[in-house]
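Below, in structure tokens: the form predicted alone, a single chain.
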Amino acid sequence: MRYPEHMTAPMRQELVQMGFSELRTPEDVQTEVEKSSGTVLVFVNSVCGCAGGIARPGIALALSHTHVPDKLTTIFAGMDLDAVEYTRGLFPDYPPSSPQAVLFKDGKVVEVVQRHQIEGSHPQEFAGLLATAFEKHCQPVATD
């Protein structure tokens, strides 16, 4: 099922304003995730309350950490159907979940945060999960 575009546009824009690029097709996923060197965060966005009340605010907090991914990308569950299906095929050991955050390093999955880890928590808790993953796998942010 696809949601009306006007309904999801603000939820998409929230991430784009944070520096995320949208992956709308399987080809986008191949280019930006599979063929990338370094670290790539893929956030599976959603219309649910835990995405809006916990995950997206938590991501904003995590991005102020000393270590962040080289690339920030997002797909939207219920919208970018082919891209979502293709992306989930890259980590078949994890059940489909939205919201969901997946960290790739050199095209391989290194960390996955599932909805059950987000739902019922607080933005700060989710940010902490991401920050721990970022510190483990990402380079420090360059300071001028």
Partner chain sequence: MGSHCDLPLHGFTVVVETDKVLYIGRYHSESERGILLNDVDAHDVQDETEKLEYLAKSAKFGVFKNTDQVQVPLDRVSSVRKLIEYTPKG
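Numbering follows the first chain given and starts at 1. All figures in this text were calculated on a predicted structure; none of them were measured in a lab.
The same protein also has a form predicted in complex with the partner chain, omitted here; what follows describes it.
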Only one of 90 to 98, 25 to 33, 103 to 111, 56 to 64 sits within 4.5 Å of the partner chain in the predicted bound form by heavy atom distance, namely 90 to 98
G120 versus the partner chain, in the predicted bound form: is there a non-hydrogen atom within 4.5 Å? yes
Is V68 close enough to the partner chain in the predicted bound form to count, meaning some heavy atom within 4.5 Å? no
Indicate whether the partner chain has at least one heavy atom within 4.5 Å of a heavy atom of V44 in the predicted bound form. no
Check whether C50 has any heavy atom within 4.5 Å of a heavy atom of the partner chain in the predicted bound form, and answer yes or no. yes
Relative to what we see here, could you say if H116 and G52 have their Cα atoms closer or farther apart in the predicted bound form, with a change of 3 Å or more? closer
Shift in CA distance, L15 and A51, in the predicted bound form relative to the form shown here, given it is 3 Å or more: farther
